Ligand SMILES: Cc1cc2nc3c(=O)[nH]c(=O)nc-3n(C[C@H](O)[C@H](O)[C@H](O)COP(=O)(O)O)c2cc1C
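Here's a solo chain for you in structure tokens, the form predicted on its own.
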């Protein structure tokens, strides 16, 4: 009988695993799979006798104390994705006996960097190349002259970002560059991950665990079980086909905005969420837009193409699997090269950020004037990504339902009207009773405090969404903490979102105070940051009494202006210097008393 090779033996063994275990593994998310991969790698390096031995916690600690390698895992995270990867990496390394310290960039002291032989940085990039809120101070410090020498230290950097922004993964690139200048040497090459980061991040962390094992042989510690890391079966990779129950327009006739309230049925999904979490929506691309793209390239809609080892018609692929509304610099440069378009190269070099705000793939194709085969087009495009919406309901008040609040986005350029991909799908292409694929995206960094704490909420426009959830939750819990809302929009008569609900909360006492800023109802525009300054003394009093301060909405203007107003209040009302005000705000962040959900 011919002896099986290792792969055949592994395959044969794998097929004997019972279906229940396979089902459990298939339900794991990326972070759990990462931990399991590292754990299994550790098991593979030990004898059967070692595998059967259960190491006690005290023994595990002794193994860690004896480790030669001391590793720091740093995360700079806005919504929790970088933190989740960092925590999973720590679990994998700890399971192999590696001594690690897990820190947020908000908490780490700059001088402590030199205490470690290995520094791992997992960093997301926010907005136009900016570090996350919790990383700003550390980011500035590590790039300053005060940063310590790191000669003899090794490092590894993983970046999370969105290639539709000009400064893709810039925070990770800057951290990598800073560590190199301080004398550290890369243990493995930096990886910059796009929105669909899970598999790439898993591969990178597996490579890192292997590289660390080459430096320090792994030591088995306490085993984990699959049962301990099981999660609900529906996730970003396996969304739930939910029923769209209600599509209700919130803004009145004459408004410059089309704002909608959507209610979605989660019955039978097992999905749950908390105030501050987001709903991920997988939306199809517009049929008419797909048709226009194919016509521009003279490609037959039913032409067969391959994508991720599967075959599709190019029309189906463009509608359901590929990104055609968000541009990225690499795509524009590729089309410029194929078509020899100097105009496209000029866009990438001079006004890329402005151009991508209201242009899409079809507009670039018109400028490129190229001839492409269907498969060539597919190779140039990135996978479609889900859109995230702040949840505007409490599951305690709305069991088996989730609500979201959104603007139907549209803009116009020289070629016509361009629509927001998901908002157009949800409010124009779907009807009540239709199905939509959804999942829950946790946001660890935007959460309610204990029910006795006071909260100040600043949420203009659709930024009110999570605060509607906060108020519903506090009402359901009969919370004793005070609640103060700052809300703004263009006009009182057309844009006062959830006005009846808010007035009810104010009358019942759930809302202690509400201050509104309708910017276009008077000659001099008024915004939420102006209302904050008008109430400076009271805002400062609330902060000094332990209130939590929340901001949700536009990152590029509103959130920056609100933070500036908050710093001025801290400085002036507290008789602080600018430096002291910044330090006060930093302490609010460290205490999770200043939280932002901005986009």
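Positions refer to the first chain, counted from 1. Keep in mind that this is a model prediction, so the values were computed, not measured.
The next section is about a form of this same protein that is not shown, the form predicted together with the named molecule.
In the predicted bound form, segment of 265 to 273, 476 to 484, 168 to 176, 149 to 157 with a heavy atom within 4.5 Å of the named molecule: Going by heavy atoms within 4.5 Å, the stretch is 168 to 176.
In the predicted bound form, the one of 396, 237, 401, 128 near the named molecule [non-hydrogen atom within 4.5 angstroms]: Contact with the named molecule in the predicted bound form is made by 128 alone.
Candidate from 81, 91, 341, 251 lying within 4.5 Å of the named molecule in the predicted bound form - any heavy atom: Partner contact (heavy atom, 4.5 Å) among the options: 81.
Non-hydrogen atom contact residue 97 with the named molecule in the predicted bound form at 4.5 angstroms: Output for residue 97 is no: heavy atoms all beyond 4.5 Å of the named molecule.
Exercise: residue 162 in contact with the named molecule in the predicted bound form, heavy atom 4.5 Å: Answer yes; at least one heavy atom of residue 162 falls within 4.5 Å of the named molecule in the predicted bound form.
Non-hydrogen atom contact residue 599 with the named molecule in the predicted bound form at 4.5 angstroms: Flag for residue 599 set to yes.
4.5 Å heavy atom contact, residue 77 to the named molecule in the predicted bound form: Taking the distances in the predicted bound form, the answer for residue 77 is yes, it comes within 4.5 Å of the named molecule.
Residues in 551 to 577 close to the named molecule in the predicted bound form, defined by a heavy atom within 4.5 Å, in order: The stretch 551 to 577, when checked against the named molecule in the predicted bound form, contributes only 555 at the 4.5 Å heavy-atom cut-off.
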